[in-house]
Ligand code: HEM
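Quick heads-up: it's one chain on its own, the form predicted on its own, in structure tokens.
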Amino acid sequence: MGEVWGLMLWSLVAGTMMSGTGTRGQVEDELKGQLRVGFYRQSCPAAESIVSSVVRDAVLSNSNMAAILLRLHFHDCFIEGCDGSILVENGPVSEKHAFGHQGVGGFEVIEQAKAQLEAACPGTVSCADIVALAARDAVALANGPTYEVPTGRRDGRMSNMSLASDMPDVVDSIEQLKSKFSRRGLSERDLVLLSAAHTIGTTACFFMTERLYNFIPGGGSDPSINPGFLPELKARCPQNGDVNVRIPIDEGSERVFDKQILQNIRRGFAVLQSDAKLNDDPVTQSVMDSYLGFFGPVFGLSFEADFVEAIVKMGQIDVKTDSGGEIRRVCSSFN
């Protein structure tokens, strides 16, 4: 569905350009304020290949980088929309320093791509688009689906940690998670699919301590953890141990983008508490089940295609276009 969505979007744009009686100028005016696949086709033809090359080198150097870049896109879009605001370093109040953004990285990869793009096409490609393109390339490099990214975002002019209070948190209840996603125009299915992005990457024991040793209410361990999995988690993240130790989020498949994480969640093998909470709601349960077993493919459901649709949808949250933003020369600072 995601690949079809991208192709349909471009087909609609191309159809508009090839049909009707409007002039080319009128068509260009109609496209202003809209994201579209191939936005830089004329202004910077090498834009997407430059980003892809930088991301490929980064992932080859650090196998966890694919997950890091995918997470960066999510965190950017959830605050102030997909506008590159998380990249800005403007002192202690910078959005990137918010508690909800702990562990977010990949900034140096975006800056490297930006530097090459500025050399090739000065003042043309936004940092916000680089983040979205880098996430797409990261998914593909993890053997996930390939898809088209509508581009044309401008970079935001605001970055403040106070705006990040509504980030989804690993300790949120399922109702809190559903509410936070809904406020960004995302459905329960989007919640499941975007949570499934945890199929690649690792997390720090820091995010496991309370779940393993002081779960509320009552203390002790989270009872939703499969009893056969609990000793393994405790061995990797011992009480009073190094909270910076990293463990795979998708047990047994942390390097490959696939739907195994949904099976792990349903069986009580979720590493993150927020993922486990998807079992606490009949709607999110049914969404997960729709991709498991033999019936999903029969009824036309594809985890990969639906994930693409969800991430493309997320990538259009409150985007800035035209005069609504700027094209930063350096991603870490406003012009």
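Numbering starts at 1 and follows the sequence shown. Only a predicted model underlies this, so the values are computations on that prediction, with no experimental measurement involved.
What comes next is about the form predicted in complex with the named molecule, which does not appear here.
Undergrad: Does Ala67 reach the named molecule in the predicted bound form, with heavy atoms at most 4.5 Å apart?
TA: Ala67: contacts the named molecule in the predicted bound form.
Undergrad: Does the named molecule come within 4.5 Å of any heavy atom of Thr202 in the predicted bound form?
TA: Judged by the heavy-atom cut-off of 4.5 Å, Thr202 is in contact with the named molecule in the predicted bound form.
Undergrad: In the predicted bound form, does Val312 come within 4.5 Å of the named molecule, counting heavy atoms only?
TA: It does not: once the named molecule is placed as it appears in the predicted bound form, Val312 has no heavy atom within 4.5 Å of it.
Undergrad: How about Phe229: is it within 4.5 Å of the named molecule in the predicted bound form, going by heavy atoms?
TA: It does not: once the named molecule is placed as it appears in the predicted bound form, Phe229 has no heavy atom within 4.5 Å of it.
Undergrad: By the heavy atom within 4.5 Å rule, which residue out of Ala197, Val149, Val109, Val88 makes contact with the named molecule in the predicted bound form?
TA: Contact residue from the list: Ala197.
Undergrad: Would you kindly say which of Ala134, Ile265, Leu117, Ile249 lies with a heavy atom within 4.5 Å of the named molecule in the predicted bound form?
TA: By the 4.5 Å criterion, the partner-contacting residue is Ile249.
Undergrad: Where does the named molecule sit in the predicted bound form: which of 164-172, 123-131, 217-225, 232-240, heavy atoms within 4.5 Å?
TA: Partner-contacting stretch among the options: 164-172.
Undergrad: So which bits of 171-189 sit within 4.5 Å of the named molecule in the predicted bound form, heavy atoms only?
TA: Heavy-atom contacts to the named molecule in the predicted bound form: Leu177, Phe181.
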